[in-house]
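A single chain, nothing else alongside it, follows as structure tokens in the form predicted alone.
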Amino acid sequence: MERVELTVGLELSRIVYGMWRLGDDPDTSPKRVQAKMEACLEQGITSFDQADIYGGYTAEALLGAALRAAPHLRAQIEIVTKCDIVAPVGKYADRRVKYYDTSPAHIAASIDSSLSNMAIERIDLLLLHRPDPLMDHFETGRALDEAVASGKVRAVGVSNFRPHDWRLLQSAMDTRLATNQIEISLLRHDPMTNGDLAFLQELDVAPMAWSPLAGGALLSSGHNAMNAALREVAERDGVGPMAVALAWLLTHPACILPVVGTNTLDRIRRISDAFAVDMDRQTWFTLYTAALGHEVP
């Protein structure tokens, strides 16, 4: 599988496996998690996306249990995780309200907690999960620079940031932000026209796309025109609709890295079918037209 260099010393696989639903599987045993990881590795998917908040602050530990049981896997993978969301669940059950915390103390504590939970010595890519209205960009930028300098984090980036959020934080940092993980799918295609992707392309930064299947809604019966368009291309190329939806993102010149999450081993094994889709320009616009609900102007 194609690999993408996000920054010097860090490459990710073009498709990333998302672990936000890891705790939703009835079987969360290390053996089961290992099976999912090995199904990814067989296709060249080496990058795994986490966040401290996933699973009510439990998903990182599920990955850690798998790595403790199969430590040889660590050298074969890249681990992405995120911090700054504090929700009144799990270890933060005593908090009165959900909020964001980009303070240096919280970032440092989150890094140490993630390292311990996942049984690793270094996070390959740490992202700030959400823009924080109370972010002091000088303090937050310094904290991220120090995280890289300490060796606890290989690279840093952001998630759900708009261009103005990115510019503000980057202005206070020595380390180059490596990526922005934003929501992009056929049902959430506005980043292609609102300047979000254009901004990253100008910087030569490859974006990550969370929820590339719109949380499963893209494949549901509620979007008949979209379903029909996906099925037509899927049948033509002998793949499933999921592969077509991913291929649509992979075709964009911004070099989007879709983050795909599913707990079903059979679906995991078919993720790389996306590269078998013949996504020419007319096919791309056929799907885009279905997503818009009308032809382009």
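Position 1 is the first residue in the sequence shown; the rest follow in order. The shown structure was predicted, so the numbers you read here are calculated from the model rather than taken from an experiment.
Another form, the form predicted together with a small molecule, is not on view; read the next lines as being about it.
K.L.:
Check whether R68 has any heavy atom within 4.5 Å of a heavy atom of the small molecule in the model of the complex, and answer yes or no.
P.N.:
R68: no, not in contact with the small molecule in the model of the complex.
K.L.:
Taking the small molecule as it sits in the model of the complex, is V260 near enough to touch it, meaning that at least one heavy atom pair lies within 4.5 angstroms?
P.N.:
Judged by the heavy-atom cut-off of 4.5 Å, V260 is in contact with the small molecule in the model of the complex.
K.L.:
Using a 4.5 Å heavy atom cut-off, state whether M19 contacts the small molecule in the model of the complex.
P.N.:
Taking the distances in the model of the complex, the answer for M19 is yes, it comes within 4.5 Å of the small molecule.
K.L.:
Using heavy atoms and a 4.5 Å limit, would one call Y54 a contact residue for the small molecule in the model of the complex?
P.N.:
Taking the distances in the model of the complex, the answer for Y54 is yes, it comes within 4.5 Å of the small molecule.
K.L.:
In the model of the complex, does each residue in the set K82, S211 and L219 place a non-hydrogen atom within 4.5 angstroms of the small molecule?
P.N.:
The answer is yes; K82, S211 and L219 each reach the small molecule.
K.L.:
Though the small molecule is not shown, can you say which of H129, H223, H137, H189 has a heavy atom within 4.5 Å of it in the model of the complex?
P.N.:
Filtering the options by heavy-atom distance leaves H129.
K.L.:
Can you pick the one in S150, S116, N194, N160 that has a heavy atom within 4.5 Å of the small molecule in the model of the complex?
P.N.:
When the small molecule is considered in the model of the complex, the option within 4.5 Å is N160.
K.L.:
Can you check 211-219, 71-79, 103-111, 142-150 and let me know which stretch has heavy atoms within 4.5 Å of the small molecule in the model of the complex?
P.N.:
The contacting stretch is 211-219.
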